[in-house]
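Here you get one chain, nothing else, as structure tokens; it is the form predicted alone.
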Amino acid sequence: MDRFLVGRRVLVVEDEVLILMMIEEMLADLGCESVASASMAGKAVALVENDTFDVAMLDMNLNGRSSLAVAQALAAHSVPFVFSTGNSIDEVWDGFADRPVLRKPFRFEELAGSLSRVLAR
């Protein structure tokens, strides 16, 4: 399952520094080639528009604001992604109900499985 992530370029959109550091470490352990990160929607959208990613992980709430614009940019650029949230999963936006949602806190195996599944689609 984890071999899907070896050599991949990953975008992580997360506003909590400690959670971001944990995710980056997990992705390095999974063999990802590079991990770019953003903590604000505007920076994340700019990264999506100016770089190439194999997969992304998107926190649904960035500093109290919706990350819907990032989800739309990822979809427009055909970048598969998973949501992450510490809130209720009932809040997934229209048009994105098919995206996997990782509930925080999540385990290494859950992260690897979710990202591998969206890459395998």
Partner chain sequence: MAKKPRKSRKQKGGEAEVARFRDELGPFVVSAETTRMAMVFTNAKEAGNPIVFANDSFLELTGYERDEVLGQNFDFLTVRNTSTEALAKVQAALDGKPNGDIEILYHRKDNSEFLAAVVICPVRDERDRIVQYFASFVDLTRHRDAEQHLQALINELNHRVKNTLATVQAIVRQVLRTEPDAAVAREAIESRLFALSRSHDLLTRENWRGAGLRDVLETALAPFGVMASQASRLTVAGDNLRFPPRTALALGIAFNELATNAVKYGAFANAKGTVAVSWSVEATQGGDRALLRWQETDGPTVVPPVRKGFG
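Just so you know, these numbers come straight off a predicted model, no measurement behind them. Positions refer to the first chain, counted from 1.
If you look for the form predicted together with its partner chain, you will not find it shown, but the lines that follow are about it.
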| field | Heavy atom of each of Ala73, Phe81 and Asp98 within 4.5 Å of its partner chain in the predicted complex | value | no
| message | Please determine whether Glu33 contacts its partner chain in the predicted complex, using a 4.5 Å cut-off between heavy atoms. | response | no
| message | in the predicted complex, does Ser66 come within 4.5 Å of its partner chain, counting heavy atoms only? | response | no
| Partner contact for Asp29 in the predicted complex: its partner chain, 4.5 angstroms, heavy atom | yes
| message | At 4.5 Å between heavy atoms, is Lys104 in contact with its partner chain in the predicted complex? | response | yes
| Heavy atom contacts to its partner chain in the predicted complex at 4.5 Å, residues of 19-39 in sequence order | Ile19, Met21, Met22, Glu25, Met26, Asp29
